[in-house]
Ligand SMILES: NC(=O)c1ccc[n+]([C@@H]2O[C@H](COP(=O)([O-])OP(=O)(O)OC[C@H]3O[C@@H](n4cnc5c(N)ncnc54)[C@H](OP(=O)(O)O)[C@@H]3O)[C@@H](O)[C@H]2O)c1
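Quick heads-up: it's one chain on its own, the form predicted on its own, in structure tokens.
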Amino acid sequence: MPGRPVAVVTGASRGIGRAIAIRLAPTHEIVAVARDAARLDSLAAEITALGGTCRPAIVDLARPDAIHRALDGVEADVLVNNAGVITKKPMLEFTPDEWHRMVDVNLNALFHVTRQLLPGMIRAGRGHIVNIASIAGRSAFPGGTGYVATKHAVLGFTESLMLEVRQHGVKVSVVMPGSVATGFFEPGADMSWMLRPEDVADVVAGILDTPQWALTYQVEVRASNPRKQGPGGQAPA
């Protein structure tokens, strides 16, 4: 819809990214970035049926050249860097391809997408970048050497960027969800106690709705009353 601000959402074909795209669609024109063409078409159809506008961008985020081609000329008011992958296994069992895929999608794509869209925000003197990290960005778990390392890096990247660009009118925030009921978990896993993707989307929308002169920089989001107990009787994240 003409006149609406543009929100670019990566990893928009499923899970948290899809929920964010749908949540922002009433107020933003969505540029939905992901590899899965069929899922992006489904998302675009749903947003169109709701009266919004969605431009699918089929991109392998592990390829900087593909990012540049897909987003060249896009003037974004909002960027949500959500795309992420996880391989959970002991470090010595990682293949180099598995390791580099996580680093490429979870961290390097964050740089390349932001590098593509940030200059336009600085020229406009406004914009908001929201990076989706994880509680794993400040903690660890066995089998998490790759995933946890990338999410720690996202936190460092985000805070440094926030300090660099806030004088240009550009806001930078990071959201750290706990366990969210998405495809990250094995089929058959009990996800009834977890956050829903829509819960995280609502948090992102709230961050974007802060007053012009206020910045919500870092938000940690957990399930408010998880019904499942983890090892040792402790409630999981």
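Numbering starts at 1 and follows the sequence shown. Here the structure is a predicted model, which means the values were calculated and not measured.
Beyond what is shown, the protein has a form predicted together with the named molecule; the following relates to that form.
Visitor: Quick check on residue 105: any heavy atom within 4.5 Å of the named molecule in the predicted bound form?
Guide: Contact check for residue 105: yes, within 4.5 Å of the named molecule in the predicted bound form.
Visitor: Using a 4.5 angstroms cut-off on non-hydrogen atoms, would residue 89 count as touching the named molecule in the predicted bound form?
Guide: No - in the predicted bound form, heavy atoms of residue 89 and the named molecule never come within 4.5 Å of each other.
Visitor: With a cut-off of 4.5 Å between heavy atoms, is residue 80 one of the residues that contacts the named molecule in the predicted bound form?
Guide: Residue 80 lies outside the contact set for the named molecule.
Visitor: Using heavy atoms and a 4.5 Å limit, would one call residue 180 a contact residue for the named molecule in the predicted bound form?
Guide: Although the named molecule is absent here, residue 180 would touch it in the predicted bound form, with heavy atoms inside 4.5 Å.
Visitor: Under a 4.5 angstroms heavy atom criterion, identify the one residue in 203, 43, 59, 31 near the named molecule in the predicted bound form.
Guide: Of the candidates 203, 43, 59, 31, 59 is the one lying within 4.5 Å of the named molecule in the predicted bound form.
Visitor: Partner absent here, but in the predicted bound form, which of 71-79, 111-119, 133-141, 161-169 has residues with a heavy atom within 4.5 Å of the named molecule?
Guide: Only one stretch qualifies here: 133-141.
Visitor: Candidate spot 12, 101 and 147, all three in 4.5 Å heavy atom range of the named molecule in the predicted bound form?
Guide: Yes.
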